[in-house]
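The chain below stands alone and is given as structure tokens, in the form predicted on its own.
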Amino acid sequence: MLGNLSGYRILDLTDESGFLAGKLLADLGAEVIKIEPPQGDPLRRRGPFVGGKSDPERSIVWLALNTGKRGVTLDLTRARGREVFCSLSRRADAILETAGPKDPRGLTALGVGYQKLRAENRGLVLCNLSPFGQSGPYSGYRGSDLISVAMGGNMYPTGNPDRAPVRCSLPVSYYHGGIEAAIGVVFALWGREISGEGQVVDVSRQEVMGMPNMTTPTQFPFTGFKGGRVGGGFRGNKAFFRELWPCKDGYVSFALRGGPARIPGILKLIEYMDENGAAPACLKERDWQKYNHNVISQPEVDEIEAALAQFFQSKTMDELFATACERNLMLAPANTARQILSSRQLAAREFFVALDDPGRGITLTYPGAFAKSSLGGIAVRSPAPRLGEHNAVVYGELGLDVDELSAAGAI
């Protein structure tokens, strides 16, 4: 299947923080060549593993983030390895790397920086995805996902109000950054069609994680509000409100917010509760048309929420969601991974795909195309590469002998 980026070749030198960028470009049809050191990327040795037993070819994270790519090994710390890389770059359209300007693993530190590569390939695009970008006083600092989320401001408002800030269990700055890097590469390639020139795309994970804060930082000079942790709820002027509610088999999201968009749903929920004999007088006798979550007191909220909590616990997630769809309630289930996998909506859109991996002797189910296009071309095309799987093919295209490269320690 031809893709939107069919015919483009991209060299992927990233560590885990940039794997998603290459995967997305491969989903769009680009030929993405994942370059690893001869001993393999460290992520291969991180579990969990398919089948449970430690195996660098069965790391679930590696398999998930590198689909669609070809894979080669190359030692860029050796002169011969750098020579081979320069040969690859002459035929490439873009390079992805995850190195700050002072990182010893980066192309500049290794003596094969962008200016050298561009001298032989003026259309080459280089995308750097790093903790703080390629300039500024922090540009030389290292930084994990924890650092990016914290210094990007996204951690401060996350968590319960009586505890320290928390980060998500998954490295969200890697994924936000990978998406932005992929978009930057696509725009740079599009720009090359106009100018004939390649360019550098500089993505800072700190800046990327500033975006989920929405408008809070820019509001601060006017309001003095610096954000805050509210856990699974929200805060009005006088009270705290729950937004996540336990039910029989999980949780649902429902907010007691006022305004013309929310009050009709509250009225319909109370009507539904009353039909089930679960609406006390404090709900039925209140004038909900005048309800404003910014003026109601905490004791009033507590009385209302006690009734809602008892009712939600008497129903399953599916029962509540089905009723929400029928009655136009602003309520949604908090789906687990199991429930996402069994979603009728995602099944109808053929979102999940089974991918045969004969080299490993397994078949795995993956999230499929990240978007649908009327022209097609977006798809998960092949399993993640095995270590050095495409050495012979890729280096053979350059007229190189893999045995000679291996003997020289280059691969």
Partner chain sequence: MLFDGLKILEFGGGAAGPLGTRYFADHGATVVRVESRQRPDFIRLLRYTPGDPAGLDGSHMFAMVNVNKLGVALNMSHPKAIDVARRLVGWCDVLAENFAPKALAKWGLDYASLTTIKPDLIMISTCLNGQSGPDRNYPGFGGQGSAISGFNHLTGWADREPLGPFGTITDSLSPRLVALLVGSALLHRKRTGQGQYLDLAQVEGGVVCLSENILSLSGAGELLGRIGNRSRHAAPHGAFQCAAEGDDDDRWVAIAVQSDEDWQALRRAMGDPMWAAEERFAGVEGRLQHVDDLEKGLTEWTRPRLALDVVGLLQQHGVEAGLVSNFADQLNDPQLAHRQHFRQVEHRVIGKHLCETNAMRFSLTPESIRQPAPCLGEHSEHVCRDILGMTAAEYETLRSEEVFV
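Positions refer to the first chain, counted from 1. We call the rigid core the largest set of C-alpha positions that still match within 1.5 Å between the two forms. Keep in mind that this is a model prediction, so the values were computed, not measured.
Beyond what is shown, the protein has a form predicted in complex with its partner chain; the following relates to that form.
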Can you pick out, from A99, V200, V301, L88, the residue that has a heavy atom within 4.5 Å of its partner chain in the predicted complex? V200
Since exactly one of T77, N294, Q289, Q313 fits, which has a heavy atom within 4.5 Å of its partner chain in the predicted complex? N294
Choose one stretch from 104-112, 301-309, 234-242, 280-288: the one whose residues place a heavy atom within 4.5 angstroms of its partner chain in the predicted complex. 234-242
With heavy atoms only and a cut-off of 4.5 Å, decide whether L375 touches its partner chain in the predicted complex. yes
Answer yes if any heavy atom of A324 is within 4.5 Å of a heavy atom of its partner chain in the predicted complex; otherwise answer no. yes
So in the predicted complex, does any heavy atom of G123 sit within 4.5 Å of its partner chain? no
Spell out, yes or no, whether the shortest heavy atom distance between Y272 and its partner chain in the predicted complex is within 4.5 Å. no
In the predicted complex, does each residue in the set L24, M214 and F220 place a non-hydrogen atom within 4.5 angstroms of its partner chain? yes
Go through 100-138 residue by residue and record those having a heavy atom within 4.5 Å of its partner chain in the predicted complex; state none if no residue qualifies. F132, G133, Q134, S135, G136, P137, Y138
Any chance the CA of K226 moves 2 angstroms or more between this form and the one not shown, core superposed? no
Is_shifted R327 between this form and the one not shown (CA, 2 Å cut-off, rigid core): yes
